[in-house]
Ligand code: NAD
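Next comes just one chain, in C-alpha coordinates: the form predicted on its own.
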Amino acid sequence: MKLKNEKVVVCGAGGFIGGHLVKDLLANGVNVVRAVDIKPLDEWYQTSDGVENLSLDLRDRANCQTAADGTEVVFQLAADMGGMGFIENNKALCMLSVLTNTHMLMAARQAGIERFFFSSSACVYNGEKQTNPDVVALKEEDAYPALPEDGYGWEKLFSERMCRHFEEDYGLTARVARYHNVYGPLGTYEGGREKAPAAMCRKVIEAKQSGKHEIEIWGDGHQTRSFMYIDDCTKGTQAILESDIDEPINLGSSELVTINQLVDIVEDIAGIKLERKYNLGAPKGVNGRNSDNTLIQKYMGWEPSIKLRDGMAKTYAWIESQMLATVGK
(Lines give C-alpha, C1' and ligand atoms only; values in the text may rest on other atoms or scores of the structure.)
Protein backbone atom coordinates (compact mmCIF):
# COMPACT_ATOMS: atom_id res chain seq x y z
CA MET A 1 0.00 0.00 0.00
CA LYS A 2 1.26 3.45 -0.94
CA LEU A 3 -0.54 4.77 2.11
CA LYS A 4 1.85 2.99 4.48
CA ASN A 5 4.47 5.63 3.79
CA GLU A 6 2.13 8.60 4.30
CA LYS A 7 0.91 10.58 7.30
CA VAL A 8 -2.90 10.50 7.31
CA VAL A 9 -5.71 12.53 8.86
CA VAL A 10 -9.30 11.25 8.92
CA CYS A 11 -11.98 13.95 9.15
CA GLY A 12 -15.30 12.73 10.51
CA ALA A 13 -13.48 10.03 12.48
CA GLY A 14 -16.04 10.08 15.28
CA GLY A 15 -18.75 8.98 12.87
CA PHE A 16 -19.74 5.51 11.75
CA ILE A 17 -17.69 5.21 8.56
CA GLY A 18 -14.84 7.37 9.82
CA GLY A 19 -14.36 5.29 12.96
CA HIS A 20 -14.21 2.07 10.98
CA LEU A 21 -11.83 3.66 8.46
CA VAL A 22 -9.35 4.70 11.17
CA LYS A 23 -9.37 1.16 12.60
CA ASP A 24 -8.86 -0.41 9.18
CA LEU A 25 -6.08 2.00 8.21
CA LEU A 26 -4.24 1.22 11.44
CA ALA A 27 -4.75 -2.52 10.91
CA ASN A 28 -3.17 -2.12 7.47
CA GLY A 29 -0.09 -0.44 8.93
CA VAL A 30 -0.99 3.09 7.84
CA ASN A 31 0.32 5.98 9.96
CA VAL A 32 -2.90 7.71 11.04
CA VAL A 33 -1.53 10.69 12.91
CA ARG A 34 -4.81 12.46 13.53
CA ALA A 35 -8.54 11.75 13.79
CA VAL A 36 -10.95 14.69 13.89
CA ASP A 37 -14.68 15.08 14.54
CA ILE A 38 -17.03 17.81 15.74
CA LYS A 39 -18.49 15.60 18.49
CA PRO A 40 -16.96 15.45 21.98
CA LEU A 41 -14.67 12.42 22.28
CA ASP A 42 -17.06 10.57 24.58
CA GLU A 43 -19.68 10.68 21.81
CA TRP A 44 -17.48 9.14 19.10
CA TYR A 45 -18.59 5.71 17.91
CA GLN A 46 -14.98 4.50 18.08
CA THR A 47 -11.64 5.94 19.14
CA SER A 48 -8.21 4.47 18.48
CA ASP A 49 -5.08 4.43 20.64
CA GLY A 50 -1.90 5.93 19.25
CA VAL A 51 -3.82 8.54 17.26
CA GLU A 52 -4.25 12.22 18.04
CA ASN A 53 -8.03 12.38 18.52
CA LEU A 54 -9.29 15.95 18.25
CA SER A 55 -12.76 17.43 18.74
CA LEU A 56 -12.87 20.26 16.20
CA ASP A 57 -15.60 21.99 14.20
CA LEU A 58 -14.27 21.72 10.65
CA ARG A 59 -16.66 24.33 9.34
CA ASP A 60 -14.05 26.73 10.73
CA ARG A 61 -11.05 27.27 8.44
CA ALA A 62 -8.51 27.56 11.26
CA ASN A 63 -9.60 24.17 12.61
CA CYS A 64 -9.15 22.68 9.15
CA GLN A 65 -5.60 24.01 9.08
CA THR A 66 -4.98 22.36 12.47
CA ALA A 67 -6.39 19.09 11.13
CA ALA A 68 -4.24 19.09 7.98
CA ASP A 69 -1.02 20.33 9.55
CA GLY A 70 1.84 17.86 9.32
CA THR A 71 -0.07 15.31 7.23
CA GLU A 72 0.16 14.21 3.61
CA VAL A 73 -3.20 12.53 3.00
CA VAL A 74 -6.70 13.73 3.92
CA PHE A 75 -9.78 11.53 4.13
CA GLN A 76 -12.63 14.05 4.21
CA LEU A 77 -15.71 12.22 5.51
CA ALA A 78 -16.97 14.94 7.88
CA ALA A 79 -20.56 15.99 7.13
CA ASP A 80 -23.84 16.74 8.86
CA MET A 81 -26.02 13.91 7.61
CA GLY A 82 -28.15 10.89 8.45
CA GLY A 83 -30.82 8.68 6.97
CA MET A 84 -33.63 9.82 4.72
CA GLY A 85 -35.72 11.17 7.59
CA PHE A 86 -32.89 13.47 8.61
CA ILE A 87 -31.93 14.50 5.07
CA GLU A 88 -35.46 15.45 4.03
CA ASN A 89 -36.07 17.50 7.18
CA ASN A 90 -32.68 19.25 7.52
CA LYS A 91 -31.79 20.52 4.05
CA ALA A 92 -30.10 23.74 5.20
CA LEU A 93 -28.04 21.87 7.80
CA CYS A 94 -26.88 19.40 5.16
CA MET A 95 -25.97 22.22 2.78
CA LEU A 96 -23.78 23.83 5.44
CA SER A 97 -21.36 20.90 5.13
CA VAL A 98 -20.05 22.78 2.10
CA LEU A 99 -18.14 24.94 4.60
CA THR A 100 -16.27 21.89 5.86
CA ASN A 101 -15.41 20.69 2.37
CA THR A 102 -14.37 24.15 1.18
CA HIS A 103 -12.16 24.86 4.17
CA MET A 104 -10.61 21.39 4.16
CA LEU A 105 -9.67 21.78 0.48
CA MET A 106 -8.17 25.20 1.19
CA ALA A 107 -6.26 23.83 4.18
CA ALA A 108 -5.07 20.84 2.15
CA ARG A 109 -3.71 23.13 -0.53
CA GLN A 110 -1.98 25.31 2.03
CA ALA A 111 -0.46 22.28 3.79
CA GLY A 112 0.82 20.75 0.56
CA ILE A 113 -1.35 17.65 0.92
CA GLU A 114 -0.47 14.96 -1.62
CA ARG A 115 -3.87 13.22 -1.85
CA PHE A 116 -7.38 14.28 -0.84
CA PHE A 117 -10.29 11.84 -0.59
CA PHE A 118 -13.86 13.16 -0.58
CA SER A 119 -16.82 10.97 0.38
CA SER A 120 -19.67 11.87 -1.93
CA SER A 121 -23.03 10.12 -2.15
CA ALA A 122 -25.45 8.39 -4.48
CA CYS A 123 -27.77 11.27 -3.56
CA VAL A 124 -26.01 13.29 -6.30
CA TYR A 125 -27.82 11.31 -9.01
CA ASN A 126 -30.59 12.80 -11.13
CA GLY A 127 -33.90 12.12 -9.40
CA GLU A 128 -35.71 11.58 -12.68
CA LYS A 129 -33.66 8.41 -13.16
CA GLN A 130 -34.89 7.02 -9.82
CA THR A 131 -38.68 7.21 -10.11
CA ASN A 132 -39.27 3.49 -10.69
CA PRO A 133 -38.53 0.63 -8.24
CA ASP A 134 -37.35 -1.37 -11.28
CA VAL A 135 -34.46 1.06 -11.58
CA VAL A 136 -31.68 0.77 -14.10
CA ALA A 137 -28.44 0.78 -12.10
CA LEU A 138 -26.97 4.28 -11.90
CA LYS A 139 -23.84 4.98 -13.91
CA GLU A 140 -21.49 7.80 -12.96
CA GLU A 141 -22.62 9.82 -15.97
CA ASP A 142 -26.20 9.83 -14.63
CA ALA A 143 -25.36 12.68 -12.24
CA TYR A 144 -25.88 15.05 -15.16
CA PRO A 145 -27.98 16.88 -16.14
CA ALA A 146 -28.04 17.75 -12.47
CA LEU A 147 -31.14 17.08 -10.37
CA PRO A 148 -29.76 15.62 -7.11
CA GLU A 149 -31.46 15.07 -3.75
CA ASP A 150 -32.49 18.50 -2.51
CA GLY A 151 -30.09 19.88 0.09
CA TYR A 152 -27.73 17.00 0.84
CA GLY A 153 -27.34 15.86 -2.78
CA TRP A 154 -26.70 19.38 -4.09
CA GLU A 155 -24.02 19.96 -1.47
CA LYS A 156 -22.27 16.71 -2.40
CA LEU A 157 -22.42 17.44 -6.13
CA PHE A 158 -21.07 20.96 -5.63
CA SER A 159 -18.22 19.64 -3.49
CA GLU A 160 -17.37 17.06 -6.15
CA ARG A 161 -16.92 19.90 -8.63
CA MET A 162 -14.82 21.83 -6.15
CA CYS A 163 -12.49 18.84 -5.76
CA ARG A 164 -12.20 18.66 -9.52
CA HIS A 165 -11.29 22.33 -9.86
CA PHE A 166 -8.79 22.25 -7.00
CA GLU A 167 -7.06 19.47 -8.91
CA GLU A 168 -7.23 21.31 -12.25
CA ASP A 169 -6.25 24.74 -10.93
CA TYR A 170 -3.94 23.93 -8.01
CA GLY A 171 -2.63 20.41 -8.72
CA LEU A 172 -4.19 18.88 -5.59
CA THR A 173 -4.72 15.17 -6.33
CA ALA A 174 -8.38 14.55 -5.41
CA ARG A 175 -10.30 11.27 -5.37
CA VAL A 176 -14.09 11.09 -5.06
CA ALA A 177 -16.24 8.06 -4.20
CA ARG A 178 -20.03 8.08 -4.33
CA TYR A 179 -21.12 5.97 -1.35
CA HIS A 180 -24.30 3.91 -1.70
CA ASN A 181 -26.06 3.24 1.65
CA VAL A 182 -23.32 2.05 4.00
CA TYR A 183 -24.33 -0.07 7.01
CA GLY A 184 -22.82 -2.23 9.72
CA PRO A 185 -22.08 -2.43 13.48
CA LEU A 186 -20.92 0.50 15.61
CA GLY A 187 -23.24 3.04 14.03
CA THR A 188 -26.45 4.97 14.64
CA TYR A 189 -29.58 2.86 15.09
CA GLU A 190 -31.92 5.33 16.83
CA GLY A 191 -32.51 9.03 17.27
CA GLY A 192 -33.49 10.07 13.73
CA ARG A 193 -30.17 9.88 11.88
CA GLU A 194 -30.14 6.11 11.39
CA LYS A 195 -30.41 4.56 7.94
CA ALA A 196 -32.78 1.83 6.80
CA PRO A 197 -30.73 -1.30 7.70
CA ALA A 198 -30.11 -0.14 11.27
CA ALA A 199 -33.66 1.17 11.64
CA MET A 200 -35.12 -2.16 10.54
CA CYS A 201 -32.92 -4.05 12.98
CA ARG A 202 -33.99 -1.78 15.83
CA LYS A 203 -37.69 -2.01 14.96
CA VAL A 204 -37.62 -5.81 14.74
CA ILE A 205 -35.73 -6.08 18.03
CA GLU A 206 -38.21 -3.70 19.70
CA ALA A 207 -41.12 -5.79 18.41
CA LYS A 208 -39.48 -8.96 19.68
CA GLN A 209 -38.75 -7.48 23.11
CA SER A 210 -42.17 -5.91 23.56
CA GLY A 211 -44.23 -8.81 22.23
CA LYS A 212 -46.08 -6.35 19.96
CA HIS A 213 -45.44 -8.14 16.70
CA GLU A 214 -45.79 -5.32 14.20
CA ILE A 215 -43.45 -2.99 12.36
CA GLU A 216 -43.86 0.42 10.72
CA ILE A 217 -42.33 0.74 7.27
CA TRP A 218 -41.83 4.13 5.63
CA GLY A 219 -43.43 4.18 2.19
CA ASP A 220 -45.06 1.19 0.55
CA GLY A 221 -42.04 -1.09 0.95
CA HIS A 222 -41.56 -1.46 -2.81
CA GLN A 223 -38.72 1.11 -2.93
CA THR A 224 -35.51 -0.53 -4.10
CA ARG A 225 -31.99 0.04 -2.77
CA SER A 226 -28.56 -1.52 -2.54
CA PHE A 227 -26.71 -1.58 0.78
CA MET A 228 -22.93 -1.81 1.23
CA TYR A 229 -21.37 -3.41 4.29
CA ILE A 230 -18.83 -1.26 6.11
CA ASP A 231 -15.86 -3.58 5.42
CA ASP A 232 -16.39 -3.21 1.68
CA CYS A 233 -16.66 0.56 2.14
CA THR A 234 -13.35 0.94 4.00
CA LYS A 235 -11.53 -1.35 1.55
CA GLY A 236 -12.90 0.51 -1.46
CA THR A 237 -12.18 3.91 0.08
CA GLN A 238 -8.50 3.15 0.53
CA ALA A 239 -8.20 1.60 -2.93
CA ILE A 240 -9.83 4.59 -4.62
CA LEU A 241 -7.60 7.03 -2.71
CA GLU A 242 -4.52 5.18 -3.98
CA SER A 243 -5.84 4.82 -7.54
CA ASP A 244 -5.41 6.94 -10.65
CA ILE A 245 -9.19 7.40 -11.01
CA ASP A 246 -9.66 11.11 -11.65
CA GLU A 247 -13.47 11.07 -11.86
CA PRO A 248 -16.15 10.45 -9.21
CA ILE A 249 -16.84 6.72 -8.99
CA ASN A 250 -19.55 4.55 -7.48
CA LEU A 251 -18.71 2.67 -4.30
CA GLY A 252 -21.69 0.48 -3.52
CA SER A 253 -23.14 -3.00 -3.69
CA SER A 254 -25.04 -4.00 -6.81
CA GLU A 255 -27.29 -6.40 -4.83
CA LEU A 256 -30.70 -4.76 -5.30
CA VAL A 257 -33.52 -5.39 -2.80
CA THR A 258 -36.85 -3.84 -1.94
CA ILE A 259 -37.40 -2.44 1.54
CA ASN A 260 -39.88 -5.29 2.05
CA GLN A 261 -37.12 -7.76 1.20
CA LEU A 262 -34.81 -6.01 3.66
CA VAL A 263 -37.46 -6.55 6.34
CA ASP A 264 -37.74 -10.20 5.27
CA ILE A 265 -34.00 -10.62 5.87
CA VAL A 266 -34.12 -9.06 9.34
CA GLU A 267 -37.18 -11.10 10.30
CA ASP A 268 -35.37 -14.26 9.22
CA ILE A 269 -32.31 -13.34 11.29
CA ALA A 270 -34.53 -12.63 14.31
CA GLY A 271 -36.69 -15.74 13.81
CA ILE A 272 -39.93 -13.75 13.86
CA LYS A 273 -42.71 -12.61 11.52
CA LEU A 274 -44.32 -9.21 12.01
CA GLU A 275 -47.46 -7.48 10.80
CA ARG A 276 -46.43 -4.63 8.53
CA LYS A 277 -47.89 -1.15 8.86
CA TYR A 278 -47.04 1.15 5.95
CA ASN A 279 -46.63 4.87 6.66
CA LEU A 280 -47.14 6.43 3.24
CA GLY A 281 -46.60 9.95 4.59
CA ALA A 282 -43.14 9.31 6.01
CA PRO A 283 -39.90 10.25 4.19
CA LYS A 284 -39.01 7.44 1.80
CA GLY A 285 -36.58 8.96 -0.69
CA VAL A 286 -36.49 7.97 -4.35
CA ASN A 287 -38.40 4.92 -5.58
CA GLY A 288 -35.36 3.08 -6.88
CA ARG A 289 -31.57 3.37 -6.62
CA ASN A 290 -28.80 0.90 -7.39
CA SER A 291 -25.08 1.09 -8.12
CA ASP A 292 -23.70 0.33 -11.56
CA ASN A 293 -20.24 -1.08 -10.84
CA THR A 294 -18.92 -1.24 -14.39
CA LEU A 295 -16.33 1.49 -13.83
CA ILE A 296 -14.96 0.24 -10.52
CA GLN A 297 -14.60 -3.23 -12.01
CA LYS A 298 -12.84 -1.77 -15.04
CA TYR A 299 -10.40 0.37 -13.08
CA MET A 300 -9.80 -1.83 -10.03
CA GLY A 301 -10.94 -5.35 -10.91
CA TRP A 302 -13.01 -5.32 -7.71
CA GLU A 303 -16.40 -4.31 -6.38
CA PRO A 304 -18.17 -4.57 -3.01
CA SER A 305 -19.16 -8.21 -2.58
CA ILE A 306 -20.29 -8.91 1.00
CA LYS A 307 -23.81 -10.36 0.79
CA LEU A 308 -26.58 -8.37 2.43
CA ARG A 309 -27.75 -11.33 4.53
CA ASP A 310 -24.26 -11.83 5.96
CA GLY A 311 -23.71 -8.16 6.74
CA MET A 312 -27.17 -7.74 8.25
CA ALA A 313 -26.60 -10.70 10.57
CA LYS A 314 -23.52 -8.98 12.04
CA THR A 315 -25.33 -5.64 12.23
CA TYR A 316 -28.40 -7.15 13.90
CA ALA A 317 -26.25 -8.97 16.49
CA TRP A 318 -24.44 -5.76 17.45
CA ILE A 319 -27.60 -3.63 17.69
CA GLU A 320 -29.35 -6.33 19.71
CA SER A 321 -26.41 -6.45 22.14
CA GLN A 322 -26.60 -2.68 22.59
CA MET A 323 -30.34 -2.69 23.14
CA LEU A 324 -30.21 -5.60 25.58
CA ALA A 325 -27.47 -3.83 27.53
CA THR A 326 -29.66 -0.72 27.72
CA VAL A 327 -32.63 -2.74 28.98
CA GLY A 328 -30.42 -4.29 31.67
CA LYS A 329 -29.37 -0.91 33.09
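Small disclaimer: the values here were computed from a predicted structure and weren't measured. Residue indices: 1-based, along the sequence shown.
One more form of this protein exists, namely the form predicted together with the named molecule; it is left out here, but the text below deals with it.
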Please tell me whether the candidate spot formed by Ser120, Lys156 and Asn181 is one where all three residues come within 4.5 Å of the named molecule in the predicted complex (heavy atoms).
yes
The named molecule in the predicted complex has a heavy atom of only one listed residue within 4.5 Å, and of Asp80, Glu149, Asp232, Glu160 that residue is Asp80
Listed residue that, although the named molecule is not shown, lies within 4.5 Å of it in the predicted complex (heavy atoms), from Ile269, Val33, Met300, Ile38
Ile38
Would you mind picking out the stretch of 25 to 33, 270 to 278, 56 to 64, 291 to 299 that comes within 4.5 angstroms of the named molecule in the predicted complex, counting non-hydrogen atoms?
56 to 64
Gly15: heavy atom within 4.5 Å of the named molecule in the predicted complex?
yes
Indicate whether the named molecule has at least one heavy atom within 4.5 Å of a heavy atom of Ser253 in the predicted complex.
no
Taking 4.5 angstroms as the cut-off for heavy atoms, does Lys195 touch the named molecule in the predicted complex?
yes
Heavy atoms within 4.5 Å of the named molecule in the predicted complex is the criterion; list the residues of 206 to 226 that meet it.
none
